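Just one chain follows, in the form predicted alone, and it is written as structure tokens.
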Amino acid sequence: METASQGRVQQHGIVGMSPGAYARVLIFFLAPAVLVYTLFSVYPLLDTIISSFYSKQNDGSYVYNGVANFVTLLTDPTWSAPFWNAFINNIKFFLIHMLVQNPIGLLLAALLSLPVLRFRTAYRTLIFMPTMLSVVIIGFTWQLILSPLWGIAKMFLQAFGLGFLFGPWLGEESTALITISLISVWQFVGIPMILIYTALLAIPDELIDAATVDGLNQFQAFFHVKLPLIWPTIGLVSVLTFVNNFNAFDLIYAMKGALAGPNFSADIMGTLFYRVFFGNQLQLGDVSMGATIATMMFLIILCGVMIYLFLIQRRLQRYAF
């Protein structure tokens, strides 16, 4: 009789290999990935968290001060005002993606899944293509498009009689963050589209055929059959949106710089961390407070992911199945 370990070895297609040899093979193939992940992800994260509990002295040394940095960040007006401004802006940035990007991604995925639609591959490629472009290219191109001096956005709106709607959207405090958020939506809408489209393709055709026999049209079949089955994927897209948005930095930095102007109106936690940790023309870099902001970002993301995993994911799976 085969042992359980031998059964697992044969199940993985490695017939005749002893459990010890199989373990060595696993270690051989997993070790490089574990080493790289530990070196470039785990170690920097742990070092950042540890650094947040220290403060720099006048002589250049670092002294352990407990949670004093966090108290300073949340209560001292010098630090709390920019932190809460960045945090609120980050929430706005996330909500725009949730309320605009993900519904559009769902709609595009639903349209691409229709069997009557021609050139689906071309449409899918064109929509996903901005995701692969550099954020520097995206930022510079949209700055040119939206420029009040030589941009084509004003002429485009004037051609449809809507020139009165145009304004210096990237230069006004009330519209800078919204404009950058919508540019980010345009760039990354292909990601939720592809994930949801893949989930729709995985739905058996027999279910749709049965719904059609029962008298449902394509629209009704989507909402009553397909949509409940892809709720787990939509939940996954939502949590990925949350994580990516609270880690966002590159597009805002490419378009507005480290100051995220005007008057920090486009400042989010990523740009605040960069400005504090590395310094800028307004202040010197502060490793301890920068690490404190990074740790707060990690805690916020961790709390959001935990809420999803323990409160939302299980309900979505029960609802879908």
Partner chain sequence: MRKPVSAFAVHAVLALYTALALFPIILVIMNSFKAKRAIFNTPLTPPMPWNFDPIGYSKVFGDSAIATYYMNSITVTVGTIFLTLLFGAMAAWALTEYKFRWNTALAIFLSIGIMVPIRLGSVSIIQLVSDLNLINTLTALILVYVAQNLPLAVFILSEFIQQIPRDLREAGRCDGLSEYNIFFYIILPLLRPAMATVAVFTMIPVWNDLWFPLLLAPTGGKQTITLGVQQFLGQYITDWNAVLAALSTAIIPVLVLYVIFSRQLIRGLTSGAVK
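Fair warning: this is a prediction, and the values are worked out from it, not measured in the lab. Numbering follows the first chain given and starts at 1.
One more form of this protein, predicted together with the partner chain, exists but is not displayed; see below.
For the three residues 42, 140 and 150, a heavy atom within 4.5 Å of the partner chain turns up in the predicted complex in every case. A heavy atom within 4.5 Å of the partner chain in the predicted complex is found for exactly one of 227, 74, 234, 243: 243. Contact with the partner chain in the predicted complex, judged by any heavy atom within 4.5 Å, is made by just one of 284, 63, 33, 67: 33. With the partner omitted here, the stretch from 88 to 96, 75 to 83, 167 to 175, 129 to 137 that lies within 4.5 Å of the partner chain by heavy atoms in the predicted complex is 129 to 137.
Although the partner is absent from this view, residue 239 contacts the partner chain in the predicted complex, with a non-hydrogen atom inside 4.5 angstroms. In the predicted complex, the partner chain stays beyond 4.5 Å of every heavy atom belonging to residue 204. At a distance threshold of 4.5 angstroms between non-hydrogen atoms, residue 25 is in contact with the partner chain in the predicted complex. Although the partner is absent here, residue 55 sits far enough away that none of its heavy atoms falls within 4.5 Å of the partner chain in the predicted complex. Residues are counted as partner-facing when one of their heavy atoms sits within 4.5 Å of the partner chain in the predicted complex; in 192 to 228 these are 194, 195, 198, 215, 217, 218, 219, in sequence order.
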